[in-house]
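Taking the form predicted on its own, here's one chain by itself in structure tokens.
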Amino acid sequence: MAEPLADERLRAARDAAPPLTEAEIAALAAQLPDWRIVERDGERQLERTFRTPDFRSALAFATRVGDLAEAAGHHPALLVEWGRVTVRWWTHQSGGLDRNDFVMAARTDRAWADRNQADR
């Protein structure tokens, strides 16, 4: 059985990887059904908006995502608003999507699920 995407080890940013094929992107995106592929400034990115009950909760979740990003050395764009956090992952170096982006999106989903479990 394949390792969960969130558990995969990230490839070091300095290690060049060939761009993902459309088939690879489609297969990885299928594992992250709540994420959208968007284009911003000519680069494809993974984006998801997480709904929270208030600003404090949004800020706490954004901080959790920031902690994951810092530990991995791979950083997203975060937009924190009252009641929501929008997270976008992409790899500047490649000018678009990399497998690391999908791994980090899966880790973000896991952090969200863990947060929701703790609230119950």
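Residue positions are given as counts along the sequence shown, with the first one as 1. Because the structure is predicted, anything quoted here is derived from the model rather than measured.
A second form of this protein, the form predicted in complex with a further copy of the same chain, is not displayed here; the remarks below concern that form.
**Student:** Test of understanding: in the predicted bound form, would residue 44 fall inside 4.5 Å of a further copy of the same chain by heavy atoms?
**Tutor:** No - in the predicted bound form, heavy atoms of residue 44 and a further copy of the same chain never come within 4.5 Å of each other.
**Student:** Is there a heavy atom of residue 38 no more than 4.5 Å from a heavy atom of a further copy of the same chain in the predicted bound form?
**Tutor:** No - in the predicted bound form, heavy atoms of residue 38 and a further copy of the same chain never come within 4.5 Å of each other.
**Student:** Look up in the predicted bound form whether residue 77 has a non-hydrogen atom within 4.5 angstroms of a further copy of the same chain, and give yes or no.
**Tutor:** Yes.
**Student:** Any of the heavy atoms of residue 63 lying within 4.5 Å of a further copy of the same chain in the predicted bound form?
**Tutor:** Answer yes; at least one heavy atom of residue 63 falls within 4.5 Å of a further copy of the same chain in the predicted bound form.
**Student:** Look at the candidate spot formed by 56, 59 and 88 and say whether a further copy of the same chain comes within 4.5 Å of a heavy atom in all three of them in the predicted bound form.
**Tutor:** All three within 4.5 Å in the predicted bound form.
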